[in-house]
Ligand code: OGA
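Let's start with one chain on its own, the form predicted alone, as structure tokens.
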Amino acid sequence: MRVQKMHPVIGLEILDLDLSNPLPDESFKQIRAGLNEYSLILIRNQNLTEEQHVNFSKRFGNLMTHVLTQYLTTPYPELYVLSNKSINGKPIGNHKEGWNWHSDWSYYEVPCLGSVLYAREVPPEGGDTLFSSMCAAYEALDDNFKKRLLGLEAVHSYVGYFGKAFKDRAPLSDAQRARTPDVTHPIVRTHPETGRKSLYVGEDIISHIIGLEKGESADLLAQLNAHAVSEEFVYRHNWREGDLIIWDNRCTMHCATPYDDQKYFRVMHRATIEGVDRPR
């Protein structure tokens, strides 16, 4: 494979690869190894059916289905649709999802391993996605700060996040709330395959740090979130139709950015890879 680095601390682009053709095991092993080393893989110029997208994603592990089932509008429930488009007045996807810094599905007891996002329709301007290396962010902290974080745990709340992000929508149903109870995870987690430590924080999704006063908790979270998305840790991706990006949610955060949703359409399909271990 021909590859090129995308950023000093995150991202590897694989060139001249057509995922619509059967992918040899050895080639997939190289992609998997690249994901462990660079946390994010970009493969451009793809022309995938929904079935091909799902089948490729399953090479990484079992796939999960989103709690917001109203946005699983393809024949494949493994695909969560992100879009501002509607058909017969009904949205085909969730709009303005992820317009804050987060790791996908950190609100589960066993969070997802990674995400496979495929761009089917993108605006000619705006709608970029920012990705941050949480390993690099942790490693840049001084030793005293690292010691301060040792043993700290935070509460991740999807119910709290939904209430902040989607105030204009109907609240979560009882069944959806039951699927997403608050969970506790460490502020610093260790990658189970590489052994690297990374920050595990995020905007809006974390309600508080356990054992700290409300003000101290809020201040520390704000400090960590600001540090984690410093310019030196962040890659900005300008999407093209046919781009496919795989990222490791165990050691990255990402954030969608706005676009002119009155003028342009955006349709993205995301498969989510099931996690196999709790953060520790």
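Residues carry their position along the shown sequence, with the first being 1. Just so it is clear, the model here is predicted, and its values are computed rather than measured.
The form predicted together with the named molecule is left out here; the points below concern that form.
For the three marked residues, His102, Leu117 and Arg266, a heavy atom of each sits within 4.5 Å of the named molecule in the predicted bound form.
Residue in contact with the named molecule in the predicted bound form (any heavy atom within 4.5 Å), chosen from Glu139, Asp204, Glu153, Glu97: Glu97. The partner is absent here; in the predicted bound form, the one residue of Leu23, Val9, Ala256, Ile14 having a heavy atom within 4.5 Å of the named molecule is Ala256. In the predicted bound form, the named molecule lies within 4.5 Å of some heavy atom of Trp247. The named molecule in the predicted bound form comes within 4.5 Å of no heavy atom belonging to Leu172. In the predicted bound form, the named molecule lies farther than 4.5 Å from every heavy atom of Leu149.
Although the partner is absent here, Thr129 lies within 4.5 Å of the named molecule in the predicted bound form, judged by heavy atoms. You can rule out all but one of 25-33, 247-255, 210-218, 228-236: in the predicted bound form, only 247-255 has residues with a heavy atom within 4.5 Å of the named molecule. For the stretch 78-96, the set of residues having any non-hydrogen atom within 4.5 angstroms of the named molecule in the predicted bound form comprises only Leu82.
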